[in-house]
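Shown below, as structure tokens, is a lone chain in the form predicted on its own; questions about how it binds or moves come after it.
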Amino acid sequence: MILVTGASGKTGRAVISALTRRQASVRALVRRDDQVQGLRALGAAEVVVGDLRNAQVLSQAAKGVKAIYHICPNVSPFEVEIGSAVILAARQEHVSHFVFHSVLHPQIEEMPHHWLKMRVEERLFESGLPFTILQPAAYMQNILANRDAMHNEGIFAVPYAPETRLSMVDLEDVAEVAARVLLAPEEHLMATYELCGCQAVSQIEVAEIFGQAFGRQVTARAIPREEWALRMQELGMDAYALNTLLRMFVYYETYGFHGNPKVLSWLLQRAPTSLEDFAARVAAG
């Protein structure tokens, strides 16, 4: 049995799908009752409902599992508190493998959601648990928020300069690596892997690649960050997440976000999904 925390998000669902395709037995930990049915449909054998900061819930979820794949809710101010609690539960239940879903370059203090993951990695180093850390780049799937605008209007709008260069990775590749690591732990104990699918590309190049896939011209355009923030506030984004993401956009625009795909190629034993292939998949789908 493998426990996946934060299981209802896109990462958790992708990892569960990758595991169940390989006939692994999965227990999912989610926040709400209304998330249970969807995870059972993905093949989760068991679903535990509760708060990741509740020690009793974590003890119940970790009991009897062979491994934990820990995903913290996205941009959580409680990242370190939650990570520490899950690590403690893993120790108390004698879990034999802890896999932490971190982020590429958690060393960057200017991006708080990265920096907090570094603090969880530190807790894991000190825990005595056999561990593996995965550090994925930004997901190619994040581009899909702009899919309709690109397809219908030919606009790819981002809250930073179009020249900003970012490395990305296909979430499906990340999930495949997660499954491989979880199902063959002896090959990956005490390892930290950067998961990057491509060298950094500009947002202009992203627009061109999707334009080719959609068969129309797509132009990258910067939108004012104040406009983006107002829209997110209207959609209910909390102040911590809003400030954190705005700081990330400034960092991206100033320095870019660069990674190397060699480690992912080695883990997959094939070339990672290219942005061109991802765009073609989106256009076909």
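Remember, it's a predicted structure, so these values are computed and weren't measured experimentally. The first residue of the shown sequence is 1; numbering continues from there.
As for the form predicted together with a small molecule, it is not shown, yet the points below apply to it.
Within 4.5 Å of the small molecule in the model of the complex, a heavy atom is found for none of 147, 164 and 223. Comment: the small molecule is not present in this chain, but in the model of the complex one of 116, 179, 198, 138 has a heavy atom within 4.5 Å of it, namely 138. The partner is absent here; in the model of the complex, the one residue of 216, 247, 40, 31 having a heavy atom within 4.5 Å of the small molecule is 31. The partner is not drawn, yet in the model of the complex one stretch among 184 to 192, 200 to 208, 152 to 160, 138 to 146 has residues with heavy atoms inside 4.5 Å of the small molecule: 138 to 146.
For the chain shown alone, residue 10 is a contact residue for the small molecule in the model of the complex, at least one non-hydrogen atom being within 4.5 angstroms. The shortest heavy atom separation between residue 101 and the small molecule in the model of the complex is within 4.5 Å. The closest heavy atom approach of residue 73 to the small molecule in the model of the complex falls within 4.5 Å. Residue 50 belongs to the set of residues with a heavy atom inside 4.5 Å of the small molecule in the model of the complex.
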